[in-house]
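In the form predicted on its own, a lone chain appears below as structure tokens.
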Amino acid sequence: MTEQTDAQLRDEVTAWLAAHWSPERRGDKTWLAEVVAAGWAVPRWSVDWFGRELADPQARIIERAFTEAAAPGSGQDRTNLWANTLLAKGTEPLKAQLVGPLLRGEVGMCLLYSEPGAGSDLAGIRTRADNQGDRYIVNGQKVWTSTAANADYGMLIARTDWDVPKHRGISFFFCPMKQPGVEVRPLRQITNESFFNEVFLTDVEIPADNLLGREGEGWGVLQTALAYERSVMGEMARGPRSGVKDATAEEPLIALAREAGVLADPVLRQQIAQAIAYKRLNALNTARAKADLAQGSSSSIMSLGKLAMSRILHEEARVRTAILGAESLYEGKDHPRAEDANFLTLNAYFTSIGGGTDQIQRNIIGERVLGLPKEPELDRDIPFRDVRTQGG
């Protein structure tokens, strides 16, 4: 790509948006294809992979222009978990097949990581993938899988070697989901929703080209994928589900306190200010971490943002409840503000668990950011087939 000044780039992207985007196009399936073709979706990537080979500061100019226009699709080189992981670690045939469709939103994806006996300790997985030359045969069970029912592929970790320590015998795959042997069962959540599922895999076939990284080295690929997942969870969270929108652009907690007539309460004001300050600080930390995250790498600092967002969501839910007082005991569509407070209180636990629990994030921060001693791990250096399990 021809080098441009910041001003030239800003003028180009602004003019392009003016010519191509309008709010009526939201939900238009052809929109993302146009963004990708123009190089705006992943501007940091190479031209060969739909990018513009721009440094981060100029890529941010593009993202800001899209944000100001309220247009989706840019910044996927930071936020698209699936495409980033595939580009960094995938085989050439698989990248040629799927990177473009993933950026254009044409492929449904899910994560096949956690298992009933391997949640916080993902290295303890027992789903197995047996190498049959041109394919792998997979058997096992996964749990807490979002969007599994509609996914075309799942990013799967499975054990391919039982005779090495647990972190070294894992491989990472793009697993085709629309095939015999894949059974998806919904799980009912505390919020009375069913976003999560159990997935049972019975003699499921995965082409050898769908292996990311080398066989047995999937733990490293997983760290790259988790870094992207935590970066998204560190700056994004679900909002209220009542459908009631705030009447002003005011900070939601301030607007709620004003509506409830308690904004003058000095204790509540302090709690609201603290919650807002945490959120602003976390946004700055996440931006710093993402600036340090090169394509295909992992960043322990992402755990700070992910842990912080978890704490922020719990604190915001607590403050909402305090603002509403006894009104928070109500529920249902006739009491939308109370419904929102209760939903956000319950849903905050999703961020405390998904993408690695709060306790796991604290371990990562302590060991890899602060340099504290590692926790004892008695089974770390023995062959996995010799690792004892519950009841074993």
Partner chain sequence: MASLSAEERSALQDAVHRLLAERCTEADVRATMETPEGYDPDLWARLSEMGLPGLLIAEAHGGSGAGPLELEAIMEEAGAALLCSPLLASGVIAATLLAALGDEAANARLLPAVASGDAIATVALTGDKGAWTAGGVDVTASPTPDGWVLDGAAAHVLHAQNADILLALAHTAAGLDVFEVDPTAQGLTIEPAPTFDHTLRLARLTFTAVPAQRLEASGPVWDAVQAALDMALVALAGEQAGATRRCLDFTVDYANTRIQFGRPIGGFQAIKHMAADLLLEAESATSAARNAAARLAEGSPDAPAAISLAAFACADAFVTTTAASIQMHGGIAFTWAHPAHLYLRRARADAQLFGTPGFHRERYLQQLGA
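All values derive from a computational prediction rather than experimental measurement. If you superpose the two forms and keep the largest set of C-alpha atoms that fall within 1.5 Å, you have the rigid core. Positions refer to the first chain, counted from 1.
The form predicted together with the partner chain exists for this protein as well; it is not shown, and the discussion that follows is about that form.
- Contact check at 4.5 Å (heavy atoms) against the partner chain in the predicted bound form: all three of Leu263, Ala277 and Gln359 pass.
- When contacts are judged by a 4.5 Å heavy atom cut-off, Ala70 does not count as touching the partner chain in the predicted bound form.
- Taking the partner from elsewhere, Leu307 is found to have a heavy atom lying within 4.5 Å of the partner chain in the predicted bound form.
- Taking the partner from the other structure, the partner chain in the predicted bound form has no heavy atom within 4.5 Å of any heavy atom of Gly216.
- Put simply, Gln132 is far from the partner chain in the predicted bound form: not one heavy atom of it is within 4.5 Å.
- Note on contacts: among Arg269, Arg168, Arg185, Arg128, the single residue with a heavy atom within 4.5 Å of the partner chain in the predicted bound form is Arg269.
- Partner proximity in the predicted bound form, defined as non-hydrogen atoms within 4.5 angstroms of the partner chain, places exactly one of 37 to 45, 55 to 63, 346 to 354, 23 to 31 at the interface: 346 to 354.
- In sequence order, Glu367, Val369, Leu370, Gly371, Leu372, Pro373, Lys374, Glu375, Pro376, Leu378, Asp379 are the residues of 367 to 384 having a heavy atom within 4.5 Å of the partner chain in the predicted bound form; the partner itself is omitted from this view.
- Fitting the two forms on the rigid core leaves the C-alpha of Leu32 displaced by under 2 angstroms between this form and the one not shown.
- Once both forms are fitted on their rigid core, the CA atom of Arg64 lies less than 2 Å apart between this form and the one not shown.
- With the core held fixed, Thr357 shows a CA shift of 2 Å or greater between this form and the one not shown.
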